[in-house]
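Only one chain is shown below, in structure tokens, and it's the form predicted alone.
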Amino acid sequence: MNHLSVKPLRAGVVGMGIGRHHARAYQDLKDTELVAICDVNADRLEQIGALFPNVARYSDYHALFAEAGLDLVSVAVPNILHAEITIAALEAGLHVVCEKPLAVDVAAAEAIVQAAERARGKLTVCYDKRYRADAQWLRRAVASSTLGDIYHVEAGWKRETGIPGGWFVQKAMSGGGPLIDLGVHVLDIALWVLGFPAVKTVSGVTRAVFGPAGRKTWGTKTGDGSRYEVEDGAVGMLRLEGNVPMLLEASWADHRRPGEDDMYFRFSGSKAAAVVHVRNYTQEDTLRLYTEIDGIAVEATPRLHPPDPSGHAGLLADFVRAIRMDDAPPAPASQGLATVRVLDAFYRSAATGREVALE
């Protein structure tokens, strides 16, 4: 298809917290035109709107969908609203980018998947961390059997001080704490790298040590912790098909290296192991490969070529391409549902102290 002959897709964003990154990406991409933004917070709408002159502003997403003439929209609102607004956008005939997690529970995620199956528009989940160079290298390495048969996986995201405030710490709004906020990203990358194998069982433990005491917070303070309703750390084990164990960890707060905000992965295989350690969001020097040559242990540092564009822009560019070519979206709703099912099982295991089997 000759893209030069096709007008840019008219894009909008609902929710101008993390949604501001979507807005900037739409503005920068050649194939999209940012035409409208929406937020119920009038002060934030005015503040962020000033960064995007000549872009229409809405306080009601119903009006946005009815009046703005959109082709696609990003839904970047508190987790509890993902299902309501995503389904409304799909029913309005729009293509939709839904921020992670797809929904706060399995029933809501299933409702979104069903709506997407009925809709003429496409839906993708905003797993922007897939567009890191190290994550994409891991996927290629596993697919090409560079690591051999995978027998052990580790994935985690840990902060020393990083408890957010507001709706993030309200269970009804968020669905959970760091597990559903940060853990969903590393869970998605690990399953994506492996080709989304079935998860057979989940055993997890959560704790709330710092949040209830109002400690180790940033952003909107949680005060004395009286409104703190979620975990501030979680660790567990998943059993994947083929009896492969996967350790999963997520924390907002811990006694660690001051200022630590690190993401990590380990994929151990019969030929080699790949380890990623991302310190404070860096894109450089994050990957090591460990193997043997003639019985001698070897450490290698693969030279990475960052995707262009990356992050939100990379995902949105791929999604626009999928819309243009009528291809599968980069992160389909079925994969978003798969991660929600794992998170649900993790929380149920933590609540009961028992391993949970997934069908």
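Since the model is a prediction, treat every value here as computed from it, not as a measurement. Just count from 1 along the sequence shown to find any residue number.
Another form exists, predicted in complex with a small molecule; not displayed. Remarks below refer to it.
Q: Taking 4.5 angstroms as the heavy atom distance cut-off, pick the stretch from 198 to 206, 260 to 268, 237 to 245, 120 to 128 that is near the small molecule in the predicted bound form.
A: Selected stretch: 120 to 128.
Q: Of 276, 273, 194, 81, which one comes within 4.5 Å of the small molecule in the predicted bound form, counting heavy atoms only?
A: Going through each option in turn, the one that passes is 81.
Q: Heavy atom within 4.5 Å of the small molecule in the predicted bound form: which of 63, 51, 40, 328?
A: Exactly one listed residue reaches within 4.5 Å, namely 40.
Q: Hey, in the predicted bound form, does residue 185 get a heavy atom within 4.5 angstroms of the small molecule?
A: Yes - in the predicted bound form, heavy atoms of residue 185 and the small molecule come within 4.5 Å of each other.
Q: Even though the small molecule is not shown here, does residue 14 get within 4.5 Å of it in the predicted bound form, heavy atoms only?
A: Residue 14: yes, in contact with the small molecule in the predicted bound form.
Q: Just checking whether residue 77 would be counted as a contact of the small molecule in the predicted bound form - the rule being heavy atoms within 4.5 angstroms.
A: Yes.
Q: Is residue 99 close to the small molecule in the predicted bound form, meaning a heavy atom pair under 4.5 Å apart or at it?
A: Yes, residue 99 sits close enough to the small molecule in the predicted bound form that at least one of its heavy atoms falls within 4.5 Å.
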